[in-house]
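The chain below stands alone, shown as C-alpha cells; this is the form predicted alone.
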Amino acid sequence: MKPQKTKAPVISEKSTRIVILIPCLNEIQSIGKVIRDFKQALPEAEIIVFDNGSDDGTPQMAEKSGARVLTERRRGKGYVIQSMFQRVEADVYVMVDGDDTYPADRVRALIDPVIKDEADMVIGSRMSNLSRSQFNFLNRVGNVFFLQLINLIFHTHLTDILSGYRAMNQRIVRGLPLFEKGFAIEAELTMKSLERGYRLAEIPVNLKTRAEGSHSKIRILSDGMRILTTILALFRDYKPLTFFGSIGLFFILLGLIPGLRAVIGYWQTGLVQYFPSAILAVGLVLTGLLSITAGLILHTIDRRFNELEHFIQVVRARPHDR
C-alpha cells in the first residue's frame, strides 16, 4: 500500500513565496540573460543561483544581474539540487538550468497548477506534441528510451522525465529523499514522485539551443549509463516483486528448454539420456524460484515501510493539541 498524501491547503497567490533556483557551473555567457528574463516574467519571485564551483566569473555575473548566490562545493548537479532543497524555504520552487535553453515566459503557466494545488510538481515538457524543441539526435534518442522505460515501469503517460524545468510545492521538496549526485537526479526526482503518489502535471515548453560559446556538461555515454543504472536501481528498490519476479520468470522459462529435452528423451526411451540438460534445467528453475521468493519478501518489507511512512505523515499533518 502506497502512502496517501494529505491534501495541502490552497496557497493564496498574494502570500505565496516563490523562489527560482538555478544550478550553475561555468555559465557566464547565459546566466545574466536567464536572470533578467525571469525577473521580467516573474518579478515577485526571488532568484537564487547555486554555483557549483565556477571559475569563469559566473557567480559575480549572477550577483551583478540581481540574483542571490549560494555555493555548493560538491561537484555534481545532484548535489546542487539536494542543497537547494535543504537550504531554501518557500511555498513554490521553480527549478531551471542556467544555460538559457528554457523559456522564462512559460514560468507562470508552470507554477499555476502548483499555486492552485492542482499538482505537486509540474514538468516543463520538451517532448510534448505541442513542443518545438531543438534536440541533437543522440539526446533525443536517449530521452525517448528513458521515457519509455519509466512509463513501462510505472504505467504512466509522461512525455518528458529528464526536464530540468520544473515547479514544485514545499510538500514534495521536503518529502523526497534524493541521493543521486549527477545528471541522473531528474530521473530520481520523477520516479520517486511517481512511487510516492504525488500529483504530476506537464506543460509544453520549447527547448532552445545553447548560446554560442556555451558548452553542455553532459557526457552522453557515461551520463546515459548513469541514468540507466539509476532507473534500474530505483525499479529494483520500489517495485521488487515486479523486478525479481520478472527475472525469476525468465530463468524458469529458460529452464524449460533443456528440461523439455530431458523429459522428451526419457519419454521416448525410458532412460535419462540428457543428464546434464536435466541438471541445468533444475538449476535454472530453482534460480527462478529463489528470485521470485526474494521479490515476495522485499515486496512485503516495502509495503510495511510504506505503511510506516503513511503513519508518520498522518501524525505530522495532525494539528497540535492546544
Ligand SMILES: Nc1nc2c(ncn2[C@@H]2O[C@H](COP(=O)(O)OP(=O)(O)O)[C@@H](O)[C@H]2O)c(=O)[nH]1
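The first residue of the shown sequence is 1; numbering continues from there. Quick caveat: nothing in here was measured; it's all calculated off a predicted structure.
Beyond the structure shown, there is the form predicted in complex with the ligand, which is absent from this document and is the topic of what follows.
- In the predicted bound form, the ligand lies farther than 4.5 Å from every heavy atom of Ile20.
- Proximity of Leu158 to the ligand in the predicted bound form falls outside the 4.5 Å heavy atom cutoff.
- Contact annotation for Pro204: none of its heavy atoms lies within 4.5 Å of the ligand in the predicted bound form.
- For Glu188, no non-hydrogen atom is located within 4.5 Å of the ligand in the predicted bound form, even though that partner is not displayed.
- This chain is displayed without the ligand, yet in the predicted bound form the stretch 46 to 54 from 249 to 257, 59 to 67, 292 to 300, 46 to 54 comes within 4.5 Å of it by heavy atoms.
- Of the residues given (Lys217, Arg236, Arg140, Lys192), Lys217 alone sits with a heavy atom within 4.5 Å of the ligand in the predicted bound form.
- For the residues Gly76, Gly175, Gly197, Pro103, the 4.5 Å heavy atom test against the ligand in the predicted bound form is passed only by Gly76.
- Within 4.5 Å of the ligand in the predicted bound form, a heavy atom is found for not a single one of Asp117, Asp120 and Met168.
- Along 75 to 103, a non-hydrogen atom within 4.5 Å of the ligand in the predicted bound form is carried by Arg75, Gly76, Lys77, Val80, Asp97, Gly98, Asp99, in order along the sequence.
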